[in-house]
Structures are given as C-alpha cells and as structure tokens.
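The form predicted alone is given below as one chain in structure tokens.
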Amino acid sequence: MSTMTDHRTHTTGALVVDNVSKSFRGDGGLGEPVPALGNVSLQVDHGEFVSLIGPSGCGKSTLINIAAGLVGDYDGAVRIHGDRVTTPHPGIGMVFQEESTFPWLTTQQNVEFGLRMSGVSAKERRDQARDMIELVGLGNAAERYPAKLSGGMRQRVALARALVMEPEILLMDEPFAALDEQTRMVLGEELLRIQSKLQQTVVFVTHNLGEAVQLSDRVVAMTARPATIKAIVEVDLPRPRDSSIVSSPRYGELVAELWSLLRDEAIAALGERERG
C-alpha cells in the first residue's frame, strides 16, 4: 500500500509548510470570509518532485502562491531551509499556467530578463541564458519572438527564464494545462530530464492524475475546500522515467489509487459550485 499520512512536518526539508490556513473575503473584501486552506502541513525534501492534486478550486494554487511569497495574510508559516518566507524569495522560481512570455522580446531576451533586472553583466547573462535555452531544447529558436513559437515552446521559454535564476525550489502551477496531451507528455519528459540534471526541488500543481504519477516522487491529494491533505501517495516507479512508463501496470494502479482518493472530494467540490 503506497498511501501515506506522514506529512513530514519537521523543519529539515528544503521547503516546509507548517500549519497554513487561509481565507478570502468576497465583495471587495467586505463579504464573509471563505476558507481556502485549513491547517496544511507538508515537507518537501531537497531534489524531490512533489505534485499537488485536488478538485478545482480547492486551494492548490493558493497554497503554491503562499509558498512563493505572493500571497500574505495567512496563518501558519512557510520556510526554506528554516528561513521564513513572507515575500517573494530569491530561492524560489515560479512557472505559471498563464502565458507569461513577453511578446516584444525574443526567446533569448525573455530568458535574460531576470538576470538583467538583477544587474548581471551583458556577456554573463547572454551566456547563462544561452546555456539554459539549449538545456530546454530551444537552441534553434533563440532569436524568435513568442508569436512564432508553439504553446509548448513558450512554456519551455518560461521554464528556462525561471531556471536561469538558479532557484533552489521551482514551483509550477499547472504549467502544461493549456497544452494537448501529447505535448504535455513530451514536456513532462523534458522537465524530468532537466530536474534530474539540476537536482531541482519541484512542487507541481496539476489536475492530470497521469501527469502527477509520471513526474512525481510523491503525490499530495487534497480535499475539497477548505483544503487539507487527505493522503500522500509514494510513486514507486523506477527512475529515470519517460513517457513509456504509462504502459506499465503499476502506473495504472497508481492513477486508480489517486482517483479513489479524489472521487468523493471532486463530487463535494462540484456540489459546492452548483450551490454557490
């Protein structure tokens, strides 16, 4: 049995989420508070790939935005190697679901952007960006503008722009959601290759259960709102992995296990949306 309830709340991990709760107020901040997260605790160790799954609107994105230092006014604490995160942290990189490339900049210029804002010299940032562009497989597209790139290529640009800043932890909020299934699987393979090479710590939000199994060391299943951790599933598939893993019986078993954990939560969330 691979389902676990040990949330590893001690403070030795690369990223520690300690008893985090968050509510939002509607009607311009004048409405009743609506709880989004309820006492979430989680530890992610160095070099680990952890995915968050759960019903739509349960608070996964809220949790990852809190971890990134983008959302404040919450109870509990988030720490990187013991340092509390209260604002955007240089040790954290973020890749969003939404289109985030600058359309007026080439691939090279997009990837250089953060380095330029940090005062890195022109030659150094050019070399670092070029290396990262090669790493994500866009060496032939360095001088193209986003309008000339496919959706999958633009997400590679966003990934390169985050990674070139050498973050200790990479947070990814449904980065492949707008892409077709084949492109998602190819980019999943690329992400695993890069993460293995850089020994990156990754927290990845997804609605796709197969994607979570393909990529992760552990998958965190969250309840309907207010989100808590229902269970953590260890993904005991061998590494290195590629998309051929989807044909293995164990892959299918793990996807089924995740769905059994989420089915009631998805029904509860759907009922809440219909009432709301």
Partner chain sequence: MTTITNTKPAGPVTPAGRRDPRAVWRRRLRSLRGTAGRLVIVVALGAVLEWAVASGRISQVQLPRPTDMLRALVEGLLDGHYLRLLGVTLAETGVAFTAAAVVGTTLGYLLWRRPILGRAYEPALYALASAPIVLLYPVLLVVFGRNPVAVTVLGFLAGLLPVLITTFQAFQRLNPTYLKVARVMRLTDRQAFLRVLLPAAMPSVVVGLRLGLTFTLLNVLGMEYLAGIGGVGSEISLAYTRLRSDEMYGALVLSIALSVAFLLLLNRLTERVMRR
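Just so we're clear, the structure is a prediction, and the values are computed from it rather than from any experiment. Residue numbers count along the first chain shown, from 1.
This protein has a second form, the form predicted together with the partner chain, left out of what is shown; the following refers to that one.
A.B. asks: Candidate spot Pro90, Thr101 and Phe113, all three in 4.5 Å heavy atom range of the partner chain in the model of the complex?
C.D. replies: Yes.
A.B. asks: Can you check 65-73, 212-220, 233-241, 40-48 and let me know which stretch has heavy atoms within 4.5 Å of the partner chain in the model of the complex?
C.D. replies: It is the stretch 65-73.
A.B. asks: Which listed residue (Met94, Leu187, Val85, Met153) meets the criterion of a heavy atom within 4.5 Å of the partner chain in the model of the complex?
C.D. replies: The option sitting close enough to the partner is Met94.
A.B. asks: I'd like to check something about Met117: if you look in the model of the complex, is any of its heavy atoms closer than or equal to 4.5 Å to a heavy atom of the partner chain?
C.D. replies: So Met117 counts as contacting the partner chain.
A.B. asks: Who in 233-262 is close to the partner chain in the model of the complex, meaning a heavy atom within 4.5 Å?
C.D. replies: Sequence-ordered list is empty.
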